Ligand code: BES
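There is one chain below, alone, in structure tokens, taken in the form predicted on its own.
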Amino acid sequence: MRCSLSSKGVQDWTGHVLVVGLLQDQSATALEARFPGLGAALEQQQFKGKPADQLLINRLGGDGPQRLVVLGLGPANGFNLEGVRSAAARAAKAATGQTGSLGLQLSWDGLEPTAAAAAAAEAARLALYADQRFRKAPEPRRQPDALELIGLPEAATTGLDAVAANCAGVELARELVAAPPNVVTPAALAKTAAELSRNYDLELSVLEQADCEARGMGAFLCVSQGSDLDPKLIHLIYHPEGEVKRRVALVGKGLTFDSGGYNLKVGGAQIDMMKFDMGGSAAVLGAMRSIAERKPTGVEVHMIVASCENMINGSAVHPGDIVTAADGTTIEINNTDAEGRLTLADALLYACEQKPDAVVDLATLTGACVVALGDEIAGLWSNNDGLATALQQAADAGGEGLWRMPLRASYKEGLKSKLADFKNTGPRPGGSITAALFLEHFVGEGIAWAHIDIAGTVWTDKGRGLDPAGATGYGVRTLANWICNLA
């Protein structure tokens, strides 16, 4: 979808679908002048401008729009960027069935224009996403191919600069997460990284099982023991033009299927959905896609994914086994279904070998985080206030819910093992905190680090806001915005 600002107002805009937002109890007099009878139609529907209110009129005739949609925006004092995203997503969905251009006018007053333009454009494009790759005969879809924002100042154009790159990254992440585990395998993730490398001149290294064994990555490799598929450690690098002033690493959990191992997922554990356990790797691959197109200066970006399956066979890791990470740390496995942190341990150690200023990992790590924050907000743990604040600001700008959680050092006592240095899980209370503390152990001294638990936000069964039902692509916009802000 092409995005631009319109030089015309509502009175003389001549595209195909016009969507206008009205605040609660706002008069429609200006619209009535162009569309006689609209006021009566609004009154008949008891349209008050509440967020759930919507009026759609087709076949207007003449040279103007063929469809008019009036959306309620809610009270003026509560309309913000989140309201812009919601309204733009609703507008895009209301325009389906029509091709051509979609004109959108909302209540822009009081909003920063460039941020409002970005929010509206990203929401409209992402709301129209549909994945039909696995259907025998994809359903034909008629939808707008251009979005024109009406009523914003010309300076807001810069807000559209990153929209295409960010959305392309989100769409890549959605495709990876949604694909079944017989399609997205560790080798397929490595192939995706290779395609990004070729298309965007990124540097790629893929460590095979023997390479990982030589590095002593016992924590990562133990998880893959029960699978017939070879593990892959994927390392993708974005090199900026000119001097490198900062170096950062993005680490994504890459479990392409998680059976739980011998602690098999049963009951309500959604084993059939464990294809999305590589949502962290999808997010960092999608972010690299966006970053490579946006080309931030002065920032070198390393992406690391330790990818494998967690399966069961005669060689699979046992509950009670003790394994050794690449730094010599020994780990007693008291739960084979807490496998993501084992793969991330060696991935974080490898990331820190690149001597980054900051490391951020994303993982569908704990059900405890979902219990705490639900499915719209990811949890954030960090050892650095500046990094945490920067990530929060980047998430807010991208419309991705993020909440900082406590990293209480005393909880690490729950990870102590009688035999090894650590157990891989602690007590049930505070499970997302002890998981973060486990990961922190494998971050080099003096390196700013943040962990984002996306277990709840990676998928939506019914759809929400700009996310259709299915994979959300969560994390791409936060990471891309954060890194580009460093430039």
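In this text, residue numbers run from 1 along the sequence as written. Nothing here was measured: the structure is a model prediction, and the numbers come from that model.
The same protein has a further form, the form predicted together with the named molecule, not shown here; the description that follows concerns it.
Peer 1: To verify the annotation, which of these, 122, 339, 361, 346, has a non-hydrogen atom within 4.5 Å of the named molecule in the predicted complex?
Peer 2: By the 4.5 Å heavy-atom cutoff, the listed residue in contact is 339.
Peer 1: Exactly one residue in 111, 405, 274, 388 has a non-hydrogen atom within 4.5 Å of the named molecule in the predicted complex; which is it?
Peer 2: Of the candidates 111, 405, 274, 388, 274 is the one lying within 4.5 Å of the named molecule in the predicted complex.
Peer 1: In the predicted complex, which of 238-246, 221-229, 265-273, 135-143 comes within 4.5 Å of the named molecule (heavy atoms)?
Peer 2: Flagged stretch: 265-273.
Peer 1: Please determine whether residue 365 contacts the named molecule in the predicted complex, using a 4.5 Å cut-off between heavy atoms.
Peer 2: Within the cut-off, so yes.
Peer 1: Does residue 158 make contact with the named molecule in the predicted complex, using a 4.5 Å heavy atom cut-off?
Peer 2: No - in the predicted complex, heavy atoms of residue 158 and the named molecule never come within 4.5 Å of each other.
Peer 1: Does the 4.5 Å heavy atom contact test between residue 439 and the named molecule in the predicted complex come out positive?
Peer 2: Output for residue 439 is no: heavy atoms all beyond 4.5 Å of the named molecule.
Peer 1: So in the predicted complex, does residue 455 come within 4.5 Å of the named molecule, heavy atom to heavy atom?
Peer 2: Residue 455: yes, in contact with the named molecule in the predicted complex.
Peer 1: Quick one: which residues from 423-441 get a non-hydrogen atom within 4.5 Å of the named molecule in the predicted complex?
Peer 2: Only a single residue, 425, comes within 4.5 Å of the partner.
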